[in-house]
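Taking the form predicted alone, here's one chain by itself in structure tokens.
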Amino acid sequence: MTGPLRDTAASALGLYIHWPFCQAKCPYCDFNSHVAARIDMERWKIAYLSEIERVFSENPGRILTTVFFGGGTPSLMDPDLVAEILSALQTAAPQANDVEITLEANPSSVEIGRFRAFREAGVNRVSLGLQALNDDDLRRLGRMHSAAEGLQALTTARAVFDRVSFDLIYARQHQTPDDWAAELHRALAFEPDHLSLYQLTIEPGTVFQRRFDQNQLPGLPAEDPAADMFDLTQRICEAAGLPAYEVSNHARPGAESRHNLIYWRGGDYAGIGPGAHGRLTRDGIRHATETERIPEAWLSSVETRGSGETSITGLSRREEAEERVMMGLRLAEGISLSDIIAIDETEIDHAALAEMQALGLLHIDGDRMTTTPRGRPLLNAILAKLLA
């Protein structure tokens, strides 16, 4: 691509803002989230605004296309703080006319009451963490809302925001494929534009891992029923007009998360907040950025050093190519082989590709490589083979 279109793509930038606090830590969660008795909103505001000024002064000429407030539970933020952050961004950088501004939310009554204030602050997309539609499973997952409260939050969010997504977790304790199919049909009856549907995994360092190791998580589905639930998810959502555009994300055409597509397509994004990561291209080199993970350490770093970053590392061409393959094969659209070769200036391992094709795990059509429906749930194994 040449000319203005390429220039616009090269200057585009997403921004991830991490709010690290939750009311309670969910036992399955391995995100950088913390429970705090008291939060000094003014101190956090000053730190966020300082980081916004630094990031955009270090990356001039970038056009802001997406903002994503993640966490933690960003809907616990004071709406005035969100408004000040978004106002500062308008001053710091030019923005796309259709900038996407997403905020993750939990369906508690406190957070529902803030939806209109978040909309007035400039948020135009909400991602709701429903996770389950029955009370027993919500309790097992450590969630603090009921199924009724979750559905009320969904109804309210749809009345306030033009774009609403919600999350569900499947392969839960004592859940059968028939149970999941019924729950998914119930979710689809709300006619969502976007769904994030995740298989429950036991992540290292979580409460669930400790319980699992002590045989205290009875009823987790075996491998075959869990695989059946994945297949059901694909068939049911596709029939409802929400095909999987990414392994765990389903959307009506045009309703995809534009911010997350930046990650999966290898675009540039900055990360602000405790534990936030970024990928920034400077002088033709793609850099990985990291920040302090502990909230107090991040705040102190911003206040004393003028930066929450702990490192910025230039990626080798090989690392960049591997990352593009790893992220791009998560997408239904797949990756361009010539793009990967252009990044790394080495040949693709044709023997590995031929083996994956013969097994029916990869499909190659001209320059485009995608995972097949059979290969998608085996993506980690495919990547291990391709990147060996």
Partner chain sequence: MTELSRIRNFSIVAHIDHGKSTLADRLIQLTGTVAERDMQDQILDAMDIERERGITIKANTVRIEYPARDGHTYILNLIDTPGHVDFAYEVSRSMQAVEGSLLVVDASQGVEAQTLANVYQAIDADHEIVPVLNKIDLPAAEPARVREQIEDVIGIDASDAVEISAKTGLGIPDVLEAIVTRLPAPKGDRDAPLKAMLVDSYYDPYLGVVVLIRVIDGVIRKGDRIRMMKTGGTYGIDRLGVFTPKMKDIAELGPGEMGFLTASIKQVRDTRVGDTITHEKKPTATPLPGFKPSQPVVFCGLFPVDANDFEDMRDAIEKLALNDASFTSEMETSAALGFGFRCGFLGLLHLEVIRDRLEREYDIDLITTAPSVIYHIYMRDGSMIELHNPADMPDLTHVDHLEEPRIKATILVPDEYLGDVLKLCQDRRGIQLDLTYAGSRAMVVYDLPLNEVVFDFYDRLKSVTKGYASFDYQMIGYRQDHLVKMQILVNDEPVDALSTMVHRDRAEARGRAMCEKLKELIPRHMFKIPIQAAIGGRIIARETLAALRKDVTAKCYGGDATRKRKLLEKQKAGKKKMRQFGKVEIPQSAFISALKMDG
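Positions refer to the first chain, counted from 1. Remember, it's a predicted structure, so these values are computed and weren't measured experimentally.
There is another form of this protein, the form predicted together with the partner chain, and it is not shown here; the text below is about that form.
Residues with any non-hydrogen atom within 4.5 angstroms of the partner chain in the model of the complex fall in just one of 172-180, 94-102, 158-166, 255-263: 255-263. Relative to the partner chain in the model of the complex, residues 41, 45 and 86 are all farther than 4.5 Å at every heavy atom. Heavy atoms of residue 318 reach within 4.5 Å of the partner chain in the model of the complex, making it an interface residue.
Proximity of residue 146 to the partner chain in the model of the complex falls outside the 4.5 Å heavy atom cutoff. Under a 4.5 angstroms non-hydrogen atom cutoff, the partner chain in the model of the complex lacks residue 118 among its neighbouring residues. At the 4.5 Å threshold, heavy atoms of residue 233 stay clear of the partner chain in the model of the complex, well away from it. Note on the partner interface in the model of the complex: the residue among 290, 193, 78, 137 having a heavy atom within 4.5 angstroms of the partner chain is 290. The listed set 335, 356, 67, 55 contains one residue whose heavy atoms approach the partner chain in the model of the complex to within 4.5 Å, identified as 356. Residues 269, 277, 279 are the ones in 268-288 with at least one heavy atom within 4.5 Å of the partner chain in the model of the complex, listed in sequence order.
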